[in-house]
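Before any questions on how it binds or moves, here is one chain, the form predicted on its own, in structure tokens.
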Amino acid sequence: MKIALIQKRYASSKKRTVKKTVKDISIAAKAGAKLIVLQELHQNEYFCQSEDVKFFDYASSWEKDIVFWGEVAQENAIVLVTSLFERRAAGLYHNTAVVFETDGTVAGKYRKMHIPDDPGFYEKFYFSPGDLGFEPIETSVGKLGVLICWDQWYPEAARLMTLRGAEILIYPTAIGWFDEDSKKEKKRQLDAWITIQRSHAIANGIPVLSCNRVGFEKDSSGVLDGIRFWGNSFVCDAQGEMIAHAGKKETILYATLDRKRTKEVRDIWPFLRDRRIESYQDLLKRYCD
């Protein structure tokens, strides 16, 4: 199955950004991609660099956005993974991935579970933790284990998606550097980000798709300079082998997934078989004092 990850920069407005994204989706679909993944919160700038109630207005188009991206999926006959700002009720919002089928219907959604609260990434101000659990989304291209950005650091999330039958792990992401960080520190951060996600592929015996944004986005509050999103979207197979890896520029990253390869890897590395589930009770504790 041919897939595509759309790695883009914010184009100064939602209208321009969406227009460019739709164009890239059309190009990828015409190139044969059956599954297309967009980056985290792909319609707007990464507004979580500061805490400002004005950004809650971005979620006011939630229902219209679902209709719009459903039409895009239908027009291109693709399974489309989006990342949207959900207004569930007044004062209750989620960072939500919505997956559309080839006919434009909603195949399912996932609400981001792990919510960061760090300088430049003040997501707890905007998003409530998800309450849909770690449930794969059934689509015509397979069962998709969709997680979002900060979720990528947690092996428990990847494992639970796998145990519920996910055939692919997918991470829409928005992560980058602060310019004041040293070159060595930037390299350490990027290496860690790639390594942890490849490890999820290896430990669970399924491919991982990670789609990140690119470009410098200034902090609107002026407290920080801003974030330079590092791109580096990638696809790795069930053994962690890199199939495709993007750089730091806008691109459509293509890859082909082989289901037979996943079975072969799981047959020779049966990690799920050898799990000692009777001995893992302490995982339910915050820390074993």
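Computed from a prediction, not measured in an experiment: that's the story for all the values here. Just count from 1 along the sequence shown to find any residue number.
From this point on, the text means the form predicted together with another copy of the chain, which you will not see here.
Chemist: Given that the partner is absent here, state which listed stretch (213 to 221, 195 to 203, 72 to 80, 97 to 105) has heavy atoms within 4.5 Å of another copy of the chain in the predicted complex.
Modeler: Going through the listed ranges, the match is 195 to 203.
Chemist: Just one of T251, S61, N232, Q239 has a heavy atom within 4.5 angstroms of another copy of the chain in the predicted complex, so which one?
Modeler: It is Q239 that has a heavy atom within 4.5 Å of the partner.
Chemist: Test of understanding: in the predicted complex, would D179 fall inside 4.5 Å of another copy of the chain by heavy atoms?
Modeler: Flag for D179 set to no.
Chemist: I'd like to check something about K124: if you look in the predicted complex, is any of its heavy atoms closer than or equal to 4.5 Å to a heavy atom of another copy of the chain?
Modeler: Because a heavy atom of K124 falls inside 4.5 Å of another copy of the chain in the predicted complex, the answer is yes.
Chemist: Given that another copy of the chain is not shown alongside this chain, does T162 nevertheless sit within 4.5 Å of it in the predicted complex, heavy atom to heavy atom?
Modeler: The answer is yes: T162 has a heavy atom within 4.5 Å of another copy of the chain.
Chemist: With the partner left out here, check for me: in the predicted complex, does some heavy atom of P207 sit within 4.5 Å of another copy of the chain?
Modeler: Judged by the heavy-atom cut-off of 4.5 Å, P207 is well away from another copy of the chain in the predicted complex.
Chemist: Using a 4.5 Å cut-off on any heavy atom, which residues of 247 to 279 would contact another copy of the chain in the predicted complex?
Modeler: Heavy-atom contacts to another copy of the chain in the predicted complex: R261, I268, W269, P270, F271, L272, R273, D274, R275, R276, I277, S279.
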